[in-house]
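The chain that follows stands alone, in the form predicted on its own, written as structure tokens.
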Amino acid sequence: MSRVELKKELIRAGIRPSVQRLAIYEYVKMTKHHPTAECVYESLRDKLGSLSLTTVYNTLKLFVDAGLVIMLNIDNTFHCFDGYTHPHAHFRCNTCGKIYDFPMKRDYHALVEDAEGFDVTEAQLYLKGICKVCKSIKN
């Protein structure tokens, strides 16, 4: 996705695309490793001299509120962000901490019992365990 397209997405969401906002949005949308706010800050601070960690947190919250980014709260101590907003599940390895994406069917009612009659608009599925890589190292 080009910077022009990303800028248009921000504008459509009612967000003024400042240099910092555009850089943060581009980073989160283009990375596949589910960065924390601190990771976004560390990756962009040299490029955007005046960037602060507070600005990153506030900008990511703005994006989450606009539905442009998903905040993953896999446990109470670990928050990261995902620029891929289509339905998918997340798996976090208990050994290495890596987060993997898995496709998820859009039929949210198939995920749980007794949801008939409810209008489910969003579902977040978090799985935890040991990934294939760590499992092969253990064996």
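No experiment lies behind these values; they were computed from the predicted model shown. Note that residue numbering begins at 1 and tracks the sequence as displayed.
There is another form of the same protein, the form predicted together with the DNA; it is not shown, and what comes next is about it.
- The contact residue chosen from 30, 110, 53, 64 relative to the DNA in the predicted complex is 53, the criterion being a non-hydrogen atom within 4.5 angstroms.
- The three residues 25, 47 and 84 each lack any heavy atom within 4.5 Å of the DNA in the predicted complex.
- Contact annotation: residue 102 falls outside 4.5 Å of the DNA in the predicted complex, judged by heavy atom distances.
- In the predicted complex, at least one heavy atom of residue 58 sits within 4.5 Å of a heavy atom of the DNA.
- In the predicted complex, the DNA lies within 4.5 Å of some heavy atom of residue 79.
- Within this chain, residue 124 is remote from the site of the DNA in the predicted complex, having no heavy atom within 4.5 Å.
- Along 91-105, not one residue places a heavy atom within 4.5 Å of the DNA in the predicted complex.
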